[in-house]
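The chain below stands alone and is given in structure tokens; this is the form predicted alone.
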Amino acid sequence: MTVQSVTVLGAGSWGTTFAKVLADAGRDVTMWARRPEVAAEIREEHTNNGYLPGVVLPGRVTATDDAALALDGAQAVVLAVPSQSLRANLTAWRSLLPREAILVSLAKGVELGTLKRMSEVIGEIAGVRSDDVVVVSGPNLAKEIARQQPAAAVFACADHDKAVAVQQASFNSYFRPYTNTDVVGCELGGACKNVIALSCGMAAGLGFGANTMATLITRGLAETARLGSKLGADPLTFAGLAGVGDLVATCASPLSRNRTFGELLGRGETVAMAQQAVGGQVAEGVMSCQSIRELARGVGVDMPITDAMFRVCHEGMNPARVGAELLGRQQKHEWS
């Protein structure tokens, strides 16, 4: 199974970066951008300065705002739109998807309302088995990868041949992809880390240091693994790139929108003020803390950090107060 022609649907920072990764691996990439002026800039100037200022895109990358044109002849289709808008976008594209194309998901989240993972949403709308969707996860801060700083990722799919095909299509001198068959674990790791990153940002905004950060990362990983185990994930996945790898990068880096958003909340700003400060975009963790909380409650899993982030983001609770409540919870064994 060989992939040469790839379509990337979405021209944000990660979609554009992944298009660059594919082109630098020798693939022919067509991007779809919602705004015609963004498509024209990518096609004619080989830049996308609104999302990746100063980055020059390879000549193998072109772009259009016509989804039908973008999808024509694609051997793999990369879905690079935010998790909460994936369903609406994919519904509009469904009839245009090439029958044999491998579907690849870059989105990280749990859908509000349905509580479905992104591969499940794709499977439902596209009429394929959700396990046949290749899920990309890992410590993948777009701006660092776009600057060709060394990074790794994990491509998860129950159909290992499909994961390998996308792995081979994206392997280059600075980007090292691994494969996995645990779609559930990789998706939950990718979704939950955004919520934990909010908490780490809030801790930084409150003036706390490395001990607090390490505690939140470690306990955040523990509650993510509890949920994953309940839903059938492989516990080893959370020790890998889609688990601790993605968690550390997202919680620690100033390039992480979720960490930055949380830091603004920790400094006393409202969700609306933080949203304005980061360019009008809501961090994925703000929405995911609600859907992940509901998912966890539905299967009887305790996720105290996720619950705390929900109360701050959606009920207006003061971050300092919620932090004190987390510290004052009933004492217990570490692994219980």
Ligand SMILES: NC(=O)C1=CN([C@@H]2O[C@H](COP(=O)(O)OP(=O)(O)OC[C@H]3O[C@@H](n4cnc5c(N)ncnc54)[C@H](O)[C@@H]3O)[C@@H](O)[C@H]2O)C=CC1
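Quick caveat: nothing in here was measured; it's all calculated off a predicted structure. Numbers for residues come from their place in the sequence shown, where the first is 1.
Below, we turn to the form predicted together with the ligand, even though it does not appear here.
Original post:
Even though the ligand is not shown here, does it sit in the model of the complex so that R117, A225 and T306 each have a heavy atom within 4.5 Å?
Top reply: Not one of the three qualifies.
**OP:** Although the ligand is absent from this view, report whether G123 comes within 4.5 Å of it in the model of the complex, heavy atoms only.
**Re:** Outside the cut-off, so no.
Original post:
Even though the ligand is not shown here, does A142 get within 4.5 Å of it in the model of the complex, heavy atoms only?
Top reply: Residue-level check for A142: yes, a contact with the ligand.
Original post:
Does G15 make contact with the ligand in the model of the complex, using a 4.5 Å heavy atom cut-off?
Top reply: Although the ligand is absent here, G15 would touch it in the model of the complex, with heavy atoms inside 4.5 Å.
Original post:
At the 4.5 Å heavy atom threshold, is V312 in contact with the ligand in the model of the complex?
Top reply: So V312 does not count as contacting the ligand.
**OP:** Would you kindly say which of T179, Q168, N89, T212 lies with a heavy atom within 4.5 Å of the ligand in the model of the complex?
**Re:** So the residue touching the ligand in the model of the complex, by this definition, is N89.
**OP:** Could you work out which of T218, S85, Q149, S173 is the residue within 4.5 angstroms of the ligand in the model of the complex, going by heavy atoms?
**Re:** That would be S85.
**OP:** Determine which one of 156 to 164, 227 to 235, 179 to 187, 75 to 83 lies within 4.5 Å of the ligand in the model of the complex, judging by heavy atom distances; exactly one does.
**Re:** One stretch meets the cut-off, namely 75 to 83.
Subject >> Contact set, 23 to 54 vs the ligand in the model of the complex - heavy atom within 4.5 angstroms >> reply: Those in contact are W32, R34, Y51.
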